[in-house]
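Quick setup: one chain, the form predicted alone, written in structure tokens, and binding and motion questions come after.
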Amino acid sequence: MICDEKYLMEFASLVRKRIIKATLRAGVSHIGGSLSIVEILTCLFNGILGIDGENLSSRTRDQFVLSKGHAGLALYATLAEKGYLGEELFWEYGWEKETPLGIHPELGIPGIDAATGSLGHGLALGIGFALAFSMQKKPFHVFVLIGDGELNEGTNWECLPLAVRYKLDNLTLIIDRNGLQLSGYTEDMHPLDPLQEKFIAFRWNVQEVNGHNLRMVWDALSQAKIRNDRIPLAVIAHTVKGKGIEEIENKVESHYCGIPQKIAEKYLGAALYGEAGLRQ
């Protein structure tokens, strides 16, 4: 797989604008946690996952579990930008009318592999998928994306030795390490550091990346698919909550906040990426 960084940058910028516009239009969202995972989803759905318009609802391909389901808008925006989700359906997000696009993703939507939002269960689902593929000797990979605040949930820590027991090198856990959760900073609420050492203690492989650096994310996830070491992989992606909107970056309130029209228009009319990448 070849990383077309220019294309990925343009794609990520369009996804961010979709998230901003949909948040403004609907008046609801988890915009901070959606913006922090844009680069990760951009890489996954542009070559890392073996997904295309023909196998959107298939179980015989790579599977993706967005365990932090409250960031479903980012997943919807990515699917829509790929053309996998109809425009009319995408813009129903968050409206009071009956729509399958809830705040949390549900099965039945093309490209959605798991109904999520009840935090702490995505990794268990991913282990089930990966174990089934392993037992059936199918060459598919499972990616699970969780929030760092989600690591407060004990089920995640119960799952870690299970993945090692079954030698699931077809499983990659991505941690959105933006340092914030609903109630405050993760290290104030439920300290996680040293996080890398914790995963190593559970006998996982670990890699740390800048979650907004498309090249680093692409390299880590593409290499994850070709491993054959019988050890699951955790990718700790260091991100910024609300990334791309200076006014809400790294702020607790971005977990739930809407976005004023004046601020939205400022970013909808701007290129979120420049020659040096995402604006710092």
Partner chain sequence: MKDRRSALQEVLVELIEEGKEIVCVSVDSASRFKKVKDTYPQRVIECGICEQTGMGVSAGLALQGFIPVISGYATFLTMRALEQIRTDICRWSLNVKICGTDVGFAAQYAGFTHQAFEDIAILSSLDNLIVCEPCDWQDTLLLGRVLFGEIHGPVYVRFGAREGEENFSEHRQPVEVGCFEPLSGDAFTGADIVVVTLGQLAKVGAEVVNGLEKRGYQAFLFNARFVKPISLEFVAKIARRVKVVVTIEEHSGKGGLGDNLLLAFHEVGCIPGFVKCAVSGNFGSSGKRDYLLQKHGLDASSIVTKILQTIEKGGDRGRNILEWEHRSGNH
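Numbering follows the first chain given and starts at 1. Because the structure is predicted, anything quoted here is derived from the model rather than measured.
The next section is about a form of this same protein that is not shown, the form predicted in complex with the partner chain.
In the predicted complex, residue 159 approaches the partner chain with a heavy atom inside 4.5 Å. At the 4.5 Å threshold, heavy atoms of residue 127 reach the partner chain in the predicted complex.
Residue 63 belongs to the set of residues with a heavy atom inside 4.5 Å of the partner chain in the predicted complex.
Using a 4.5 angstroms threshold between heavy atoms, residue 166 counts as touching the partner chain in the predicted complex. Heavy atoms within 4.5 Å of the partner chain in the predicted complex belong, among the stretches 206-214, 186-194, 129-137, 79-87, to residues of 129-137. Proximity of 59, 107 and 118 to the partner chain in the predicted complex is complete: all three residues have a non-hydrogen atom within 4.5 angstroms. Contacts between stretch 29-45 and the partner chain, counted in the predicted complex as any heavy atom lying within 4.5 Å, involve no residue at all.
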